[in-house]
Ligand code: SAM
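In structure tokens, the next block holds one chain alone, the form predicted on its own.
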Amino acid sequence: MMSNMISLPEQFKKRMERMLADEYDGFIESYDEPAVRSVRISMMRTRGKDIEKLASYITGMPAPEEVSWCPNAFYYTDDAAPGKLALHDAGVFYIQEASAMYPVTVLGIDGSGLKVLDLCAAPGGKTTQIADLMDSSGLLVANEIIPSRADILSENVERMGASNVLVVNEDPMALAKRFPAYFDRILVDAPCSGEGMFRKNPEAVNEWSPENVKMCAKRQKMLLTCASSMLAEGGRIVYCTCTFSPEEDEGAIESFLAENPGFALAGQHRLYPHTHRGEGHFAAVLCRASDLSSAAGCSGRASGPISDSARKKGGFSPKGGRKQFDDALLRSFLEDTLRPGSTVRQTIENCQERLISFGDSLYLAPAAMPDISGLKIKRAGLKLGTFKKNRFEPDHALSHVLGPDDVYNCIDLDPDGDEIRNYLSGLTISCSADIRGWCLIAAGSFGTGWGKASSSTVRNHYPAGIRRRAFR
């Protein structure tokens, strides 16, 4: 527990007292409460599953409280350790702070074929939330300017089984030049002074200063300007922060609108830790002024899918990444490993134009893939695998979009058992003698990784960089 009257910066407290007036005492008292913890269960990964049963298992609670503004999201207590569950590695859920889930719910992911940009996407909580709502349709560009954070973003996209995501590592201004009036939805989760992190991360208190607030506000102005140039007619921008600073929140919006009269505010809302079950967030919905009459505010969703004419505006032709690859090796892998009824196999076989290669790696690109030449790409959709001498080796990402019914060979392990722990730690596991070749390793029927079986032993192909060392 943190002692708020000692630890919170005095200048911060004075400003919050001016802002909140009679609510100030309740706000301050909230810092004597434990941080709120929550998970968001993937709708894509759990389709057809008993969500209540899964939520109880993940949170360790018979009837966990739901996050009211986000479907499939639940609170858990400090006694639980969901990050140590094998189902976390399988991408069944994402550990995400509850109020951070709010901005995506007002982004308006309400139609198929949308082109969406998450401008400041790492570590990937909001990106994977958007991808979940898009259900593998359309295009989601997730950008992160810092390379190491872009790597983490890419790993989380992979873990959650998101197949329509283009992960890029670019300066927002470079993207703005590349994608004029292109995206139907844009999320600007702006780097901020982090005042909504004080209870969850006491280090954020030490990093706070009035000077940092001003620096963040300047950067946020640039991000909004970049985003506005990339918004297609009929689209919307959601600007959000995890701070309470008016300079970074309402002030940033007012400043943007003053300089961009073609845009209007459709709604804004702030979640405080004393009024909502979360740590704190701000979200504002921006639309072009001509589109405002058809846009819902923060409490609702957009009125409907973007028209085809608006979606095509500013588009790019899919090109620039496709090279020759060994079709015979890929076809042999598909025929030996994936059942004919597998949706993934059918897509690969029927959408050859979406197959693009980078060196020896093969990707299934999103259906709405733009020209990616010259961009710093971390992930170009679903990585299918790698061509090696005389064989095609499936990638870890492919395992996370498959289930037992998709493959000929699946070893479905108890998510609480020793064998899945051994597998996630990089050890070999045993199998029946009749299983040979590539096999999907599942945890509780959720695809988790690959193994190669021979003589009743499965050689472990779980990536070395993410192998486990400890379980609860």
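Residues carry their position along the shown sequence, with the first being 1. None of the values given here were measured: they were computed from a predicted structure.
Note that the form predicted together with ligand SAM isn't included here; everything after this is about it.
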Contact assignment for ligand SAM in the predicted complex, among 121, 398, 286, 232, heavy atom within 4.5 Å | 121
Please pick, from 191, 71, 111, 246, the one residue with any non-hydrogen atom lying within 4.5 angstroms of ligand SAM in the predicted complex.
-> 191
Partner contact for residue 328 in the predicted complex: ligand SAM, 4.5 angstroms, heavy atom | no
Might residue 155 be said to contact ligand SAM in the predicted complex, defining contact as any heavy atom within 4.5 Å?
-> no
Partner proximity in the predicted complex: residue 149 to ligand SAM, non-hydrogen atom cutoff 4.5 Å = yes
Is residue 222 close enough to touch ligand SAM in the predicted complex, meaning at least one heavy atom pair within 4.5 Å?
-> yes
Looking at 386-394, 348-356, 138-146, 75-83, which one sits within 4.5 Å of ligand SAM in the predicted complex if you count heavy atoms only?
-> 138-146
So which residues in 154-173, when you check ligand SAM in the predicted complex, have a heavy atom no farther than 4.5 Å from it?
-> 172
